[in-house]
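This document opens with one chain alone, in structure tokens, the form predicted on its own.
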């Protein structure tokens, strides 16, 4: 095998792929990245697979001789990122007795503008195949809609592995809409985007819960894609989901178990409503957070309908206190309500609008945040009990 590629192409694709390399591989070959070079198409593909998450990326190169080899991912990545920009020749030949690295396996040689690096590699035949879903038609989703939905939901997934189904995003695909939902039991984020897919096989709808880890990599990979209008093909079978676009591929196991009936958590009627400036609210919270960090991350928000303003405050015993007021359009009676400031700030950062609409009933019932504008996102945060 012999190929010539640019340092930036190799480095960029390696950094994307390497995220599926396990830190503690159950088998030595899983610590490698599979490099495949095709002289007919002049394409190089890199694959990493931890038996749960699999990533394959492809890029153009001058392939002089086709071949495939499994190369230690971390070592190759560490070398490549440090090489100067420009062309790199990468070749693999069988070991000879004169070679200081001779022994089992073969040697991959990297030749940049100056220097020469040799890495011991493993045979490609030992590398496990990425899962394939056959006899299932693909659903096509615009990349922009996927990115939008993931940005508005991923942050609300749970990190608690004991509640495994909550560590993923629940994706519902209908003929004309996509819905992304994530909850950790204390908050809920739901995003609806338009599915401009030409598919007719989504009439019955598809529901699948995909691990947040896989979807974070999908979002990162899509951010490198050239066009947000480019459709992403989604294949789903029991226990497995595959996303494919522009010679890129991500495969993941799905999460088993019944996802909570989250739509039932969102109240239909509200006693209090307010509209306020999102950035101003977020900036005030970031300043108050200095004291909230000292006191269980709890912040108090007080509504004053007569003055048409809210006051954000926090008292940290033996440390100090902070208080800020800002104007808001308020309907309903005055109320004091407390939140985990982290949940409040993360939700506000994800809401993509200048102003937000806040709806609530009591000081211990769900509070709903939605953007003022066309974007369909609902963020629900549970208040915490105020202790005097």
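Not measured: the values here are computed from a predicted model. Rigid core: the largest C-alpha set superposing within 1.5 Å between the two forms. Positions refer to the first chain, counted from 1.
Here the subject shifts to the form predicted together with another copy of the chain, a form of this protein not shown in this document.
Contact with another copy of the chain in the predicted complex, defined as any heavy atom within 4.5 Å, is confined among 122-130, 78-86, 168-176, 249-257 to 78-86. Though the partner is left out of this view, residue 287 does reach within 4.5 Å of another copy of the chain in the predicted complex, counting heavy atoms only. Mapping the unseen interface onto this chain, residue 323 counts among the residues with a heavy atom inside 4.5 Å of another copy of the chain in the predicted complex. Contact check for residue 263: no non-hydrogen atom falls within 4.5 Å of another copy of the chain in the predicted complex. In the predicted complex, no heavy atom of residue 354 sits within 4.5 Å of another copy of the chain. For the three marked residues, 39, 67 and 340, no heavy atom of any sits within 4.5 Å of another copy of the chain in the predicted complex.
Among 115, 185, 137, 239, the residue placing a heavy atom within 4.5 Å of another copy of the chain in the predicted complex is 115. The Cα position of residue 112 differs by 2 Å or more between this form and the one not shown after fitting on the rigid core.
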